[in-house]
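The chain below stands alone and is given in structure tokens; this is the form predicted on its own.
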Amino acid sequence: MKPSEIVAGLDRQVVGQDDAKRILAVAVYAHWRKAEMAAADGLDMLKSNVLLIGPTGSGKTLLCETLARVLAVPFVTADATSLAQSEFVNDELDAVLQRLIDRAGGDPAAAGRGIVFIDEVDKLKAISGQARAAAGEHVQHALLKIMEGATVRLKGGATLDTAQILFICGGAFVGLESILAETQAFGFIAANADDDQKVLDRLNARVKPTDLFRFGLIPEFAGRLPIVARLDQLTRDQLVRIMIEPGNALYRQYRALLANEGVELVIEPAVFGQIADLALEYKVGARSLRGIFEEMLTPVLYAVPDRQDLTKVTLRSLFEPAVFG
């Protein structure tokens, strides 16, 4: 698929994060182009795994899940924090790769073209004086081999070549902004003031490997993640759109659920804004939307099965009872 086609597929499920979508789409396109060229011409093409940096609830996991669906490739996710807490890191990584084979229907060749998303890699940072620093650094070293590309023999007997697996790592990287403020201050570049500011903004937003070193990632691990995409904090408008627009949006789900009971659900626009305001207060991005939505609709879902006369339920405010009709 062309990068533009990949972005179009992501747009159908993921609201916002346009820059991250484009960076990810180009990275994926180049990744499999390199794999094809290596297979056809025997060229030694270096892998370019991806690092997603963004606050909690900004859509890192959703982006990767949607990407795998758009490309129709096997996908698994792992939690770096859990890996760091495990006594047997290599066994845990074997289990992740085995799950990838299982998602590929037991076909190692198909799994070898899959995507592995490792979340919360920022929690692996090595900081002196912290007990977990050594464990985090150990996990980074354990990930190096499979991220670079190696033939791994799993405990179940299967053999998996990770050379074409795309590894995407993600994390909030709290504190990285202060490092960027210290290390990135590019000066005048272009003659045109407007162009100059655009270039400056792009360069000053760029995360360099040395910034990741200062944050706490070991140089070898950061070097395996040459492509960095940054996700922004979701805005109020974007949170509202998330509840309404995607094919599996919360509003669509609950309208379908109540339609199955013969009842039309109508939620007025002001309610979505109120839910978004609450979600912003909770400071966990889109993660809190489902909980607020379900709490709001619990009285409705409780009452509807007992009311055979109902044909419509309207919600006009998050803080007022639903209107049954």
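Residue numbers run from 1 along the displayed sequence. In this text, all values refer to a predicted model and were calculated from it rather than measured experimentally.
This protein has a second form, the form predicted together with a small molecule, left out of what is shown; the following refers to that one.
Chemist: For the small molecule, considered in the model of the complex: do all three of 6, 71 and 118 come within 4.5 Å of it, counting heavy atoms only?
Modeler: Checked in the model of the complex: no contact with the small molecule for any of the three.
Chemist: At 4.5 Å between heavy atoms, only one of the stretches 27 to 35, 55 to 63, 261 to 269, 294 to 302 reaches the small molecule in the model of the complex; which one is it?
Modeler: Answer to the contact question: 55 to 63.
Chemist: Classify residue 23 as contacting or not contacting the small molecule in the model of the complex by the rule of any non-hydrogen atom within 4.5 angstroms, answering yes or no.
Modeler: It does not: once the small molecule is placed as it appears in the model of the complex, residue 23 has no heavy atom within 4.5 Å of it.
Chemist: Even though the partner isn't displayed, in the model of the complex is residue 172 close enough to the small molecule, meaning a heavy atom within 4.5 Å?
Modeler: Output for residue 172 is yes: heavy atoms within 4.5 Å of the small molecule.
Chemist: Going by a heavy atom distance of 4.5 Å, is residue 315 a contact of the small molecule in the model of the complex?
Modeler: No, residue 315 stays farther than 4.5 Å from the small molecule in the model of the complex.
Chemist: Look up in the model of the complex whether residue 165 has a non-hydrogen atom within 4.5 angstroms of the small molecule, and give yes or no.
Modeler: Contact with the small molecule, no.
Chemist: Tell me, which of 111, 83, 217, 234 has a heavy atom within 4.5 angstroms of the small molecule in the model of the complex?
Modeler: None of the other options qualify; the answer is 234.
Chemist: Quick one: of 100, 143, 242, 124, which gets a non-hydrogen atom within 4.5 angstroms of the small molecule in the model of the complex?
Modeler: Exactly one listed residue reaches within 4.5 Å, namely 242.
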